[in-house]
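What follows is a single chain, given as structure tokens, in the form predicted alone.
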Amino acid sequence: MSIFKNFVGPRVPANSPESVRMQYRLPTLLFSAAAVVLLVSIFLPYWQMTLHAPQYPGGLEVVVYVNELTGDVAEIDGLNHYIGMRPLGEAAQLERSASILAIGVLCLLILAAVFVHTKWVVLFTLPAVLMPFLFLADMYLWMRHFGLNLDPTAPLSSAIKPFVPPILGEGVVGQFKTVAEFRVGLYLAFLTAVLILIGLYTHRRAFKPLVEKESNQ
């Protein structure tokens, strides 16, 4: 029991005045808001790429959610076939299949952090802080892998050198131009990280004195 108590930390004194109790509630509010924001992001697009080609004056779009690709995926795959790039759907299959469960677990960990009043709260919240950065890193590595490993037997393989598609901003591949941009789901994931970091700051201010007081008794 002592180990468990040392892990979760002291409880809020029942006789604390309302003005003081609010500082203990603030981390809870911030962590709870972070969990809700991250959960909502599941249903919104994280990333989008628009491909501009002479034969498609309106452009072609692929929209990335955490668990699926939507938009003009088949048309873009058809164009990529000529330069030897693999179909987009072959990228990050494991990540997409596990994404909903993984984000659900992250949300539960954030909510569990509400009950931890020691420095170990970081263990529950750090994965969610890192999540949007890991999403971008994973996307970059897949796009790099696809762009640098073109099929040499493709019809236009001799005309296109290996390349790394940008995950943000404009890129040019032969006669095609790509425009990559972050979408609202990813911004919500970053907002989650910000809320957690602010929550950790307020958590330390509120509970560190209680932890020190209890350890000195």
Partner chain sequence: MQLKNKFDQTAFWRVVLLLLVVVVLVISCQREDTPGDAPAANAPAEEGQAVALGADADAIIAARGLTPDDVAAALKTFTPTGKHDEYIMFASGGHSGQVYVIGLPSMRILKTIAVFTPEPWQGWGYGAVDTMEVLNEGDINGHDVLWGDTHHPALSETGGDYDGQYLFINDKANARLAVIDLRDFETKQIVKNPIAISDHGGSMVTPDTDWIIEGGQYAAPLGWEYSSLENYAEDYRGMVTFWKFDRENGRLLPDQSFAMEMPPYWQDLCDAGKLVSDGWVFCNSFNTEMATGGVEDGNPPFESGASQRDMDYMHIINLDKAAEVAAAGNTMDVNGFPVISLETAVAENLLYFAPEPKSPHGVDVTPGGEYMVVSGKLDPHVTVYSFQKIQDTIAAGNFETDDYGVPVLDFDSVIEAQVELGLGPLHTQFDNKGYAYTSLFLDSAVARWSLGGPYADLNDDPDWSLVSKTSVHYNVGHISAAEGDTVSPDGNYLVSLNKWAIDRFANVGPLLPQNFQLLDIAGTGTNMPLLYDMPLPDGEPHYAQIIKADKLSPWEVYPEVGWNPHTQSKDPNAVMPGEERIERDGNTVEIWMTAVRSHFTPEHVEIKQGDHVIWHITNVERAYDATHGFSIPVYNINLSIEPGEATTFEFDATDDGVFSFYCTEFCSALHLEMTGYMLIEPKQ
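Residue numbers count along the first chain shown, from 1. Quantities reported herein were computed from a predicted structural model and do not represent experimental measurements.
Form predicted together with its partner chain: not shown, discussed below.
If you check its partner chain in the predicted bound form, you find no heavy atom from any of N80, E95 and F124 within 4.5 Å.
Though the partner is left out of this view, A53 does not reach within 4.5 Å of its partner chain in the predicted bound form, counting heavy atoms only. Its partner chain is not shown here, but in the predicted bound form it comes within 4.5 Å of a heavy atom of P155.
When contacts are judged by a 4.5 Å heavy atom cut-off, V36 counts as touching its partner chain in the predicted bound form. Taking the partner from the other structure, its partner chain in the predicted bound form has no heavy atom within 4.5 Å of any heavy atom of E170. Residues T28, L29, S32, V36, L39, V40, I42, F43, L44, P45, Q48 are the ones in 28-50 with at least one heavy atom within 4.5 Å of its partner chain in the predicted bound form, listed in sequence order.
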